[in-house]
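Single chain ahead, by itself, as structure tokens, in the form predicted alone.
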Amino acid sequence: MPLEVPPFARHPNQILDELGFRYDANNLYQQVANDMLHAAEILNLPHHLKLILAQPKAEIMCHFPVKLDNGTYRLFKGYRVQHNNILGPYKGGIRYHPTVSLDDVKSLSVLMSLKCSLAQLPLGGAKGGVQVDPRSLSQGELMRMTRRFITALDGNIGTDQDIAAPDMGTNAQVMAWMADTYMNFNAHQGRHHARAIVTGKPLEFGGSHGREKATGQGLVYTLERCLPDVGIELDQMTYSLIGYGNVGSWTARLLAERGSQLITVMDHTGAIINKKGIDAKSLAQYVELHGGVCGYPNADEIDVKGFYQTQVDVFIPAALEQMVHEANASWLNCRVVAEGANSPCTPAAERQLLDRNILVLPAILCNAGGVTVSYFEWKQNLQAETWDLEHVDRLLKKHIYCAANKCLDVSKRFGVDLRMGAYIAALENIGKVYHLRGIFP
């Protein structure tokens, strides 16, 4: 039986109330689960399936000590949440960030289940993370922490069970340490086969061509497919960006090749603007050296409000969750919001945007490129193959266009916005598989 919840704390969503959730309008997991369950309601999924999808199958939390360079020890907290694997092995990134929490990781695992389903990948949804600022650690400390975390997860991950990938604060080098650690504990699988435990690895160590740029490439393909419907052409488009890490910088560099103009950028160091256009490649080199966009010599500084109020065709949040909230959503001066980050808009912000007829392209479509090329890498590892970049890009474009078409078709069929259309399309696929397989025993 679920825990008894006082009447004042009961959740307005019937399923979350039945599961004993205390209502918290600001809780990211409840926001994501509520949207998913609303889509399930529209689709008329059976009650038992809503219950299954409303909670992850497994929530793993571990604490592990790591020896620091000064000889002292620090205890780290790590998470791995496995939401659903009805379509295939769990798949999802691992994040290193000071704000990592269980509810945030749970939210991202749900979105991964939906994203994989929407992109027609034979994978389920998972997510992981460690509560740490990776910039505060030396290279040796980062390596030891990574190896201890993967050791702590051993038994709960595997090449046909749960496959990790990079996320905020992790990169190809971190993935290489993860793969090497797992391979040393699981040599019986065959060392080359075992490296499929993670994707996003360096190319020399089983990585895939196109993986580093994959999320940005998928976002560009989404814009390429969806913007002509609202009268925006890429070679004439102006846009702004929050975040200039992997997703933001690759999106900007790829859009520059198509003639789009980057006007203003904001990250954790500040905001910059150049109404004549910012050179995406030059800015990426500057950020690599200086850690952020602040001080970039070929643009002027701008305050936060000025950043949001700058008129552009497309606004791309590509950093943390919930960067667009009720207060700053009213400042936005754009025609389209393309969600490069996961859940960058709060529900209140999204209602504002939709009321103002601003098109919101949902994250599970816009950033599906990363997990799609991760799937390609996993497949290449298991088959001992290496695909060329042209082949990877061609397959990625096919997956993204197919997913975008489904979102557009379903939103029209049900008379809903694109986010709800994307969720319904993803759940429709998951629901069919549950209907075919049934519930064991």
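So that there is no doubt, residue numbering starts at 1 and follows the sequence shown. Not measured: the values here are computed from a predicted model.
FYI, the form predicted in complex with nicotinamide-adenine-dinucleotide (NAD) isn't displayed, but the following is about it.
nicotinamide-adenine-dinucleotide (NAD) in the predicted complex is not approached by residue 80, whose heavy atoms all lie more than 4.5 angstroms from it. Residue 114 falls outside the set of residues with a heavy atom inside 4.5 Å of nicotinamide-adenine-dinucleotide (NAD) in the predicted complex. In the predicted complex, residue 201 stays away from nicotinamide-adenine-dinucleotide (NAD), with no heavy atom inside 4.5 Å. nicotinamide-adenine-dinucleotide (NAD) in the predicted complex is approached by residue 318, whose closest heavy atom lies within 4.5 angstroms of it. From the list 82-90, 272-280, 167-175, 150-158, the contact stretch for nicotinamide-adenine-dinucleotide (NAD) in the predicted complex under a 4.5 Å heavy atom rule is 167-175. A single residue from the set 123, 196, 247, 337 has any heavy atom within 4.5 angstroms of nicotinamide-adenine-dinucleotide (NAD) in the predicted complex; that residue is 247. Shown without its partner, this chain lists 367, 208, 264, 107 as candidates; in the predicted complex, only 367 has a non-hydrogen atom within 4.5 angstroms of nicotinamide-adenine-dinucleotide (NAD). Of the residues in 25-49, none comes within 4.5 Å of nicotinamide-adenine-dinucleotide (NAD) in the predicted complex through any heavy atom.
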